[in-house]
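Presented below, as structure tokens, is a lone chain in the form predicted alone.
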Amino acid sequence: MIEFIEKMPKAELHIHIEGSLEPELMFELGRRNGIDLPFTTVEEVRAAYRFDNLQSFLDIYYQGANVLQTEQDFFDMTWAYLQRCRARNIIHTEIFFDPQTHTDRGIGLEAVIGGMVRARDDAREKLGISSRLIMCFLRHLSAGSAMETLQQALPYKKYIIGVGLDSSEAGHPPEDFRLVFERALAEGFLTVAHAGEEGPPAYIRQAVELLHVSRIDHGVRCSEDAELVKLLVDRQIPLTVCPLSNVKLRVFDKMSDHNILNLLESGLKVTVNSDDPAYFGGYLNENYLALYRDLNMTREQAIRLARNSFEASFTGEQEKQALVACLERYVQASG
């Protein structure tokens, strides 16, 4: 079963590229750009990755992003993640990035997007991995700042498939960003939003009804509202769930308490993702393996989760069918 999971073709739909920045690369980029870090060794960085809540994680997350200065830095970070995708048989990925984290430091969008697009194009050609970019707004900043960021991104629209909403959820309801998302939809972007992780189920409903999202990122607290679960099932709105992240941030005390498989069996289109893998102790395969070891995930459930990841992706219909067919060939060949 472990080998089956590791080799199974899959997609990742909830990955913050800044959260894939491993300590080794963080130090390398810091040295290259003359950026001092408040750590002297990789071990010190990893020791700091002991979080009590979402905010304590975000504090160090934004600190680590300071080493990202040039287009080459964003290429190197994205390429490192895409190489890990190849090693884990991730054949499609949809990558979140936080422009405000960088533009607020004086880094231009041309460097951020330019580096990621180069890595994306190289990955398709050299690694056989397809990918899309999703630009997220930081909800702890104002809706006005988000609108300004959206405006700045319009010249790069052809490189960005959708927009999202991330960062500190508590106290920052989706409804605050309604006008921003209306503008994004009018510009042709798809929409997603983090909701129902540390925030209440009402935030999920707001994201669906006010922001008109195609997917909910996290969404695990939907189980507290039976009517909301029915809505998500009826509309087949996917949830991009991140099990290791949820446990690390105390959404669940331990993996055996996680509700992901219950949500799957309730008819929800659930997917498995890694969120911020450098910080949360595992990439996509490690999340699948945790479900197998701690929740007794079956082979059939693993296949369904992988199929969901392709069906919930923002690829064209023809490409989506090709991705699902790749999974089906693998399952058939595995016996």
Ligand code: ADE
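Please read all numbers here as calculations on a predicted model, not as lab measurements. Start at 1 and count along the sequence shown; that's the residue number.
Keep in mind that the form predicted together with adenine is not shown, yet the notes after this line are about it.
This chain is drawn without adenine; in the predicted bound form, the residue among 58, 48, 65, 303 with a heavy atom within 4.5 Å of it is 58. Using a 4.5 angstroms limit between non-hydrogen atoms, residue 73 is distant from adenine in the predicted bound form. Contact between residue 16 and adenine in the predicted bound form is found at the 4.5 Å heavy atom cutoff. Proximity of residue 245 to adenine in the predicted bound form falls within the 4.5 Å heavy atom cutoff. Adenine in the predicted bound form comes within 4.5 Å of a heavy atom belonging to residue 167.
Contact with adenine, judged by heavy atoms within 4.5 Å in the predicted bound form, is confined among 254-262, 104-112, 232-240, 159-167 to 159-167.
Residue 218 is the only member of 210-231 with a non-hydrogen atom no more than 4.5 angstroms from adenine in the predicted bound form.
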